[in-house]
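Given as structure tokens, the chain that follows is alone and in the form predicted alone.
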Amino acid sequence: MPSFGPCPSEGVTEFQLVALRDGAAVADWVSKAVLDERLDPQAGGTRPLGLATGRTMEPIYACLADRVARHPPVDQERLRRGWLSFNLDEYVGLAAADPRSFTAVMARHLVGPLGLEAAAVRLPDGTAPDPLAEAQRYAAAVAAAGGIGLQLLGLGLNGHVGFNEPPCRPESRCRCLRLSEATRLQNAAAFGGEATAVPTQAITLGLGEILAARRLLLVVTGAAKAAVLRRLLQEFASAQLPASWLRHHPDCTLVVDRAALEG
């Protein structure tokens, strides 16, 4: 695994950077890391996975399903029996059956293809009558499960991870928050291209829960992410770039393709 120099921040751990040729290679690398985590208890597989949604993650889950299908049936069954994951976030106001909800996205891209029990792939309840109470319940469920082992993360164009919008401090906890116009625009494709149709609020795990994970994989692909990736690699940690706090984590790997790194 190639290691690049430390980011410009004092007294913190440098990112480990894995640079691969394209998005397909990234999906292959990350899916292997996830499967290794689940099938090898010594790799930390006794703690739940932390999962994400978005276009960056879809090819990873497709590659994961393909990998699982090539394993012996005994391994497939062990994977299903031992699976427990918590997604980062969910839109407020969307029911699980709504095809635009992250719950439905995970059902299409992970639960169905891997043959998992839906209850083993957990997300916040976007229709809970009290979103704040739901955020507290969800955080408590993550803690009761022992915290996150391996956490997958994407990188928003404004530097958010999960839905932790700038400005955001590293001690932020699971909460209900208002989405920025930039994030709603970025996610508009799932809503017919209309940013105004994207919900205005979401429940998200905070940086506090993310940074408590044993290991982080921050996945960045495509030329559209080149500018924010450059900021992440060059700027000091700050509330204006929430992902920059990840460099404080002792085991955070950036997995990027050439387009994101060189675009």
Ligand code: GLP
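These figures come from a predicted structure and were not determined experimentally. The first residue of the shown sequence is 1; numbering continues from there.
Heads up, the form predicted together with the ligand isn't pictured, but that's what we're talking about next.
- Which among 73-81, 103-111, 158-166, 141-149 is in contact with the ligand in the predicted complex, heavy atoms within 4.5 angstroms? This holds for exactly one stretch, 158-166.
- Any of the heavy atoms of Q186 lying within 4.5 Å of the ligand in the predicted complex? Output for Q186 is yes: heavy atoms within 4.5 Å of the ligand.
- With the partner left out of view, is G222 within 4.5 angstroms of the ligand in the predicted complex by any non-hydrogen atom? It does not: once the ligand is placed as it appears in the predicted complex, G222 has no heavy atom within 4.5 Å of it.
- Does the ligand get within 4.5 angstroms of any non-hydrogen atom of P199 in the predicted complex? Flag for P199 set to no.
- Looking in the predicted complex, any heavy atom of T53 within 4.5 Å of the ligand? T53 belongs to the contact set for the ligand.
- Scan 77-112 and note down the residues that get a heavy atom within 4.5 Å of the ligand in the predicted complex; none is a fine answer too. Contacting residues: L88, D89, F102.
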